[in-house]
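The chain below stands alone, shown as structure tokens; this is the form predicted alone.
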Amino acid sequence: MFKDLDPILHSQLRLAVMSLLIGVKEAEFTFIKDKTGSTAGNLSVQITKLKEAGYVEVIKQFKDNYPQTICKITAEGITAFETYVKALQSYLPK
């Protein structure tokens, strides 16, 4: 039988963000925006949803007097992503 897919990760942009973060220690908001081709507003909303789910940590700071937003995947986010990938694999023929 097919496994349920995490509705938080099943969004294309949220999945793209998690896919980027799974391979790096941390990423700046602008890096994620450039890699996903998203608008700043949409990306901000989707990162907030990931943060509320406990999948990412968001750090806001200043660098050279400019605001900087850093995103990091959490241990819970890694587990959720791995579970999502395994569930998705169950949809593929063996």
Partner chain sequence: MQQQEFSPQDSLNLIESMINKARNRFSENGHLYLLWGWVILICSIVSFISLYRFKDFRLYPVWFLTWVAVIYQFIYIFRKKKEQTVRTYTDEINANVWMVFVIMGGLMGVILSKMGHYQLMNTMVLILYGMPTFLSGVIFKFNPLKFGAVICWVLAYISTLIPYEFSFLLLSMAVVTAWIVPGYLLRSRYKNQN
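Residue numbers count along the first chain shown, from 1. Every value quoted in this text rests on a predicted model; they were computed, and no experiment measured them.
The next section is about a form of this same protein that is not shown, the form predicted in complex with the partner chain.
Novice: With a cut-off of 4.5 Å between heavy atoms, is residue 12 one of the residues that contacts the partner chain in the predicted bound form?
Specialist: Although the partner chain is absent here, residue 12 would touch it in the predicted bound form, with heavy atoms inside 4.5 Å.
Novice: So, residue 37 and the partner chain: in the predicted bound form, are they within 4.5 Å at any heavy atom pair?
Specialist: Result yes; residue 37 sits at the interface with the partner chain in the predicted bound form.
Novice: Going by a heavy atom distance of 4.5 Å, is residue 30 a contact of the partner chain in the predicted bound form?
Specialist: Yes.
Novice: Does residue 57 reach the partner chain in the predicted bound form if we count a contact as any heavy atom within 4.5 Å?
Specialist: Contact check for residue 57: no, nothing within 4.5 Å of the partner chain in the predicted bound form.
Novice: Which of the residues spanning 73 to 93 lie within 4.5 Å of the partner chain in the predicted bound form, based on heavy atoms?
Specialist: 81, 84, 85, 88, 91, 92 sit within 4.5 Å of the partner.
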